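Next up, structure tokens for two forms of one chain, structure 1 and then structure 2.
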Structure 1
Amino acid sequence: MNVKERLAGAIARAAAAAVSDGALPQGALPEVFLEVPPEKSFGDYATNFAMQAARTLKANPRKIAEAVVGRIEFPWLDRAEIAGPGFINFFLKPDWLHELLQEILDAGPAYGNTQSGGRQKVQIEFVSANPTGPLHVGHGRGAAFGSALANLMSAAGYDIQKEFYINDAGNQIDNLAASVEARYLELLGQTVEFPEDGYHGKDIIDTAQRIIDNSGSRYLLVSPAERREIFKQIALEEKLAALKEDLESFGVTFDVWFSERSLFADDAVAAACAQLREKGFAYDKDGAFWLRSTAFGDDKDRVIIRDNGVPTYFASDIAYHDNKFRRGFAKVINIWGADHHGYIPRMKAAMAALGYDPERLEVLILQMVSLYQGGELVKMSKRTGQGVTLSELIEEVGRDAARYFFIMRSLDSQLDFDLDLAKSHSNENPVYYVQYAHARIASIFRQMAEAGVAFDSSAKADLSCLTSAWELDLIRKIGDYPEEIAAAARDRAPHRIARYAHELAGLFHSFYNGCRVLGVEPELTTARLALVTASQRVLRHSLGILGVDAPEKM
């Protein structure tokens, strides 16, 4: 429990005691919220709790504030002052940060992890790109965000499962097979009409060439239907393997790869449709099978099975999400592209029709990424003349910069990705700035070893030596980390961890420039090495959540 949570608990107990002993009237007490005042002269923390409680207790807020201040018990509290109509400003003892730092050091490398998630079982499904070609930069943003969110929520005490939904059924896979077949025939000298909805990437030609390299022209001897079925399987396996390789090189792995085909093999789609009919939320009309989604707030009813008997994508998605909830997840989080925004109401309607609480389905919308270089918008790859792929971006700027840049902005904001900035070795590059702080710490420990200075991070140092503003501000920031983890996980906001890491790096750089660690009194050296150790652990932990390396040298 961090300092803010402890102080909030002390305020709540003081208010409850005042009600219990009759100093305040009976009534429901609101939750205590604390904020850091804009000026240090107003204290370390402040709350408007008394004004909030005045509404339910029907009492004067200053009277409530006085009752709280007179009864609060908090070991690190120096004094509390009432301001204005009932604000309470809390001033902590000068040595509270030293005690806090010792607690942080005692917690070890796991410091920052919380149990705020209560081991709630949550599935996060992300990327789920059609396995019909290479991943592009938009997929990269979803991959970086999804994996960072999973890391973040795990650190906050949630039980997380990461899942990729393989769209290996339907028209896009048929078009993939037809595209490979057309290129295969072309490479063998035949004149063919390329499919209208075919895939034109160079990777399709490469797949067709590999089939020829391995099997020659033997597939000219089989029927077109059989040939396309064979090519479908070959292409699907190859594209999926390439997709997995790209993701792994980006530091992204999944616990489950779920095949859409399995839904049909297990009759899950038919079973979901039968459930909807049985519950009275599906009907037949014009030869098609419809979901009565308007009963749950959608703007119109939706077709599940077309009049030709072919299921829509929606049918597969209904069965898939039914399967998710049957696996016992308390919450299912989907990360979708901006073009899927209108799909959310019908998906929630389908879950409600099946009897699930639609609030258990949470959809996060991923906004677009624009690449810039030299101030100009980059639309096409110089190598292929087509859209820039994720692998090309990693090759251009490196995995760490790509991940950090994708994560550092809120998911619901458009991201302008500056390729020149991502490659620069300067303080203006945020990932370089954060990693350089960690590398500086590593250099301190190398210098320490070279100078023969002994330091045991588990030993108790005299932390009261740390009195400068640089040192105290750094401790205070490190102390905020568990709360930042819990809040960022609750808000599904890994960009907050990127911002926190950047702010922490800035405070460390200021400390580094203002405070010598080696070559000062031994007690001060030991205390500062303890602070450096805590800084290193939190920088490494936060970079780990982002999936970014913490380098020893730069």
Structure 2
Amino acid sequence: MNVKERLAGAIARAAAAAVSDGALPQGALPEVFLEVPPEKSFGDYATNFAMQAARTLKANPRKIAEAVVGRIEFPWLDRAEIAGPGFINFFLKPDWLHELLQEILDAGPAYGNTQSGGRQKVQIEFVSANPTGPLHVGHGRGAAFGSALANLMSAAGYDIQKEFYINDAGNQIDNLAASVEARYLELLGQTVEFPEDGYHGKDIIDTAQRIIDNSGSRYLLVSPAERREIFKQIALEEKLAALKEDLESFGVTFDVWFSERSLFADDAVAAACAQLREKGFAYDKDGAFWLRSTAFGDDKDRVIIRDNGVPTYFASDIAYHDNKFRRGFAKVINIWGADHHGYIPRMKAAMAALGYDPERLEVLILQMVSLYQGGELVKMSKRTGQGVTLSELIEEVGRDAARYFFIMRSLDSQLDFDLDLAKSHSNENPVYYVQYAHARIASIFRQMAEAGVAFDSSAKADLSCLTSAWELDLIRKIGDYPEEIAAAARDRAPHRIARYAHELAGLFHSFYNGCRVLGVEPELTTARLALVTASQRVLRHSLGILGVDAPEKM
């Protein structure tokens, strides 16, 4: 439990005491929120508690503040002042930051991990790109975000499972097979009409070529239907393997790869449909089978099974999400592109119809990515196969920069990805700013070893000689980290960690510039090495959440 939480507890206790001894009227007390005030003269922490309580207690905020201040008991508190309309500003004893740093060091390399998630079982499904072509930069954003969110929520004490849903059934896969077949025939000299909804990517031609390399022209002899079935299987395996490889080289792995086909093989789709019918939320009309999603706030009812008997993708999605909840997840998080946001109401409706609380399904929408190069928009389209793929992007700007750029913005703002900026190995690039701080620290330890300075990070140092603003601000920031993890996880907002890491790096660079670590009095060197150790751990931990390397040298 950190200082802030303990102080908040002390405030709540003081307020409760004031109520029980009659100094304040009876009434519900609001939750205590502490903030770091905008100015140092307002103390170390401040709260608007008295102003909030003024509403529920119908009392003068300054009176409430006085009652709280008069009753508060907190070991590190130096003094509390009432300011403005009713803020309470808390000034802590100078030593509190030294004790805080000691606690941080005692926590070891895992410092930052919290239990705020309460081991809640949460599944995060992301990317889930159709295995019909290479990943593009939009998938990259989802992949970077999803994996960072998983890291973040794991650090915050959630029990996380990452899943990729393989769309290996339905139209698009048939189109894939037909596209490969067309390329195959073309390569063998036949003139064919390319399928209207076919995939034009070069990778399709490559696949056809590999089939020829391996098996020659023998598939000319089998029936078209059988040929397409074979090509479908070959292409699927190949595309899936390529997908996995791309993702792995982007630092993204999954615990489960879930096949859509398996839902049909297990009759899960039929079972889900039967259940919906039984519960009275699905019906037959015009030869099709419909979900009565309007019963749960959707704009219109939706077709689950077409009049030709073929299930829509929605049918397997319902079965899939039913399957997820049956696996015991408290929360199921889906990360979708903005172009799918219209499906949220029907998906939630389906879950409600099956009897699940739709709140347990969280759909996070990521806005579109635009690539800019030389100040110009790079257009992309999967259909025509033009545009920048994820692997090209990684090759171009590097894994770390790509991940950082994808993660550093909040999900719901459209992302302008500046290729030139991401590529530049210079001070313009925020990734290197953070990584440089880590590398500098590593360099200090190398120098230390060379100079024969002894330092044991687990030994207690006299930290009280850390007195400059550079040192104290840095400790303060490091002390905020667990809370930042908890808040970012709660808000599903890994970009906050990117920001935090950047701010921490900034404070470290200032410290580094203002304070020598090596070559000063031995006690001061030891204390500063302790501070540097803590800084390095938190930098590494936060970069780890982002999936960005923490280099020793660069």
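For the two forms, the rigid core is made up of the largest set of C-alpha atoms that agree within 1.5 Å on superposition. Note that the structure is predicted; figures quoted are calculated from it, not measured. Just so we're on the same page, residue numbers count up from 1 along structure 1's sequence.
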Answer for which single form is the form predicted alone: 1
C-alpha of Leu24 off by 2 Å or more between structure 1 and structure 2 on rigid core: yes
Core fit, then Ala59 C-alpha moves 2 Å or more between structure 1 and structure 2: yes
C-alpha of Ser426 off by 2 Å or more between structure 1 and structure 2 on rigid core: yes
